[in-house]
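Take a look at this one chain, the form predicted on its own, written out in structure tokens.
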């Protein structure tokens, strides 16, 4: 048996965009450091909750195709969350078709083959033990654009080893019956530059469809549809940005700021995606159709409280 201090994953296939993420780094926007953190916050939290871990523990986030990991060490438990297709290949070559939100025992020389997300973008894998990682500004989250975070701010790569601090944590194998749902509209608040746009453009924004393009990543989601006309000024003085704000550059096609967004920007902002809808927004694949619906600040706050209550209820079921 391999000694516990040498437990690790060997990455045989890194996947498309595989990084370590937690809840992000707070209160650093004033020095140009974005929050970053997991894109789909609920699925991230459930990954840790299913293993009875601190809910801000780092996990592996992947997009579209996930990693192929070979485990070396004493047995541990793992769980995957999101709409994910994966299998576990035992040392004797027996294959187990994996189910998201189910905890699995992993032993020496087992492989975890995360094949793909299913009609979604992001998935998560958490382990019962702890990854051995370095923090940057209070977070393990990787921002590849800024090159900050654990793993030297880089995506995980082929043949890399991920060291694990193995403390033989006791755990009961459990599962959660959860289905990732979709909503008809992405709900938004009017933003500070809403009146920069023509009445025609405002009507287009709330009544026409926009399509998610392939030019989307952890920094932002580019949309295409009918052009939004700015009747005031298409290039304003740079202002602070928040996650979910929708900027409209001079070409008239909206860009939604996501977890790794820049902290300032000089494009007018027409609306802000409400926090309660952000998880569903980031899981929309290229080609998906978005329709926006305006809500009031009071409604947005109530919807967020409901979102948090639903998440807490899921955690309490575990």
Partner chain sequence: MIKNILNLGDASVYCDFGKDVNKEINNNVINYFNNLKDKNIEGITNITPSYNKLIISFDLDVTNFFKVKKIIENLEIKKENENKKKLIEIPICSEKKFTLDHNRLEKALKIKFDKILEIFFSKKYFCYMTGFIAGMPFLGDISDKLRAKRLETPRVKVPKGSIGLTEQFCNIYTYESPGGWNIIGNTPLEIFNKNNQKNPALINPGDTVKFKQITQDEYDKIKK
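The structure displayed is predicted, hence computed values, not measured ones. Residue numbers count along the first chain shown, from 1.
Below: the form predicted in complex with the partner chain, not depicted.
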Contact residue in the model of the complex, chosen from 147, 214, 182, 167 - any heavy atom within 4.5 Å of the partner chain: 147
Single option in 247, 83, 111, 136 placed near the partner chain in the model of the complex, where near means a heavy atom within 4.5 Å: 136
One stretch from 155-163, 99-107, 203-211, 185-193 that, in the model of the complex, holds residues within 4.5 Å of the partner chain by heavy atom: 185-193
The partner chain in the model of the complex: contacted by all of 39, 292 and 294, heavy atom 4.5 Å: no
Residue 32 within 4.5 Å of the partner chain in the model of the complex, heavy atoms: yes
4.5 Å heavy atom contact, residue 262 to the partner chain in the model of the complex: yes
Contact of residue 269 with the partner chain in the model of the complex (heavy atom, 4.5 Å): yes
Partner proximity in the model of the complex: residue 285 to the partner chain, non-hydrogen atom cutoff 4.5 Å: no
Residues in 9-29 close to the partner chain in the model of the complex, defined by a heavy atom within 4.5 Å, in order: 26, 27, 28, 29
